[in-house]
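This document opens with one chain alone, in structure tokens, the form predicted alone.
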Amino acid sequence: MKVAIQGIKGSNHYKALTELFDVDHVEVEECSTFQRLVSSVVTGESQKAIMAIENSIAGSILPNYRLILDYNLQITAEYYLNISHNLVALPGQELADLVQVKSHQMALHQCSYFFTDQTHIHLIEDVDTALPAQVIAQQQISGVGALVPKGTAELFNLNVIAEDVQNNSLNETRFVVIEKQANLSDDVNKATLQFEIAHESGSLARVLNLMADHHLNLSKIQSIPIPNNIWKYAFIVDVSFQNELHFQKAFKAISAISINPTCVGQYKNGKS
């Protein structure tokens, strides 16, 4: 089975993959962008893909929700990964030697406090957390560091200059597995829905009340712009349930009072 990730081995996406799958029986498709990742699934090049969808500090990654919706993909699993970052560089390098630190923009954002007093260091965004480390190692670049997940330094024989430099140790990223079609298992107890509502008083409240009436626990609600319909928004919600029959009845009821309702996926709650 081939599974696509954004980034390369050593990235947080790869770390999530190792927690979800037996890497000895999975071929990894390394994708430079999320668009490329989605295309790999849509064309059948990969059977599954792992995609970051939200972070406990930075919030939802709306462009990734948009990709899932636009290509009619299904969320079939989720995984919560604790995020910790180490500052790494070539062996023999120290913090004072660095003039640049590279990483994904999210990692730079999540480690910003550490660099407040390091005015000699210029932070540079890259496409991935692991790629700058790979380049530093391959080209033996001095004066440049990288922010990487724990364990990545060892992959590229780099030195850890500082451990756990993230702003907040209570930092998780939620990853989802996406596929073209869902194969529901017996233990599904969570779902992601997308719907639009009429622009009138009480319309959203009616939908939320229906969820409560059908014993659904709303764990997330997120508005997302509707393409080609300026200043109009759809809603994405995550709901958990004890009984799938309750969910099916709720979705039927919600569909009757909403616009373009879609079940984006049913899967097992990653927190249960």
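All residue numbers are counted from 1 along the displayed sequence. Rigid core (definition): largest C-alpha set, two forms, superposition within 1.5 Å. Just so you know, these numbers come straight off a predicted model, no measurement behind them.
Unshown form predicted together with another copy of the chain; subsequent notes refer to it.
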Just one of Asn243, Ser219, Gln47, Ser39 has a heavy atom within 4.5 angstroms of another copy of the chain in the predicted complex, so which one? Ser219
Go through Glu172, Glu196, Glu179, Asp97 and name the one with a heavy atom inside 4.5 Å of another copy of the chain in the predicted complex. Glu172
Does Asn168 make contact with another copy of the chain in the predicted complex, using a 4.5 Å heavy atom cut-off? yes
Is Gly202 part of the interface with another copy of the chain in the predicted complex - any heavy atom within 4.5 Å? yes
Is Glu54 part of the interface with another copy of the chain in the predicted complex - any heavy atom within 4.5 Å? yes
Could you confirm whether His120 comes within 4.5 Å of another copy of the chain in the predicted complex, counting heavy atoms only? no
4.5 Å heavy atom contact with another copy of the chain in the predicted complex for all of Glu19, Asn72 and Ile141: no
In contact with another copy of the chain in the predicted complex (heavy atoms, 4.5 Å), from 243 to 251, 39 to 47, 22 to 30, 62 to 70, is stretch 62 to 70
Residues within stretch 217 to 242 having a non-hydrogen atom within 4.5 Å of another copy of the chain in the predicted complex: Asn217, Leu218, Ser219, Lys220, Ile221, Gln222, Ser223, Pro225, Asn228, Ile230, Trp231, Tyr233, Phe235
Could you check, with the core superposed, whether the Cα atom of Met106 shifts 2 Å or more between the shown form and the other one? yes
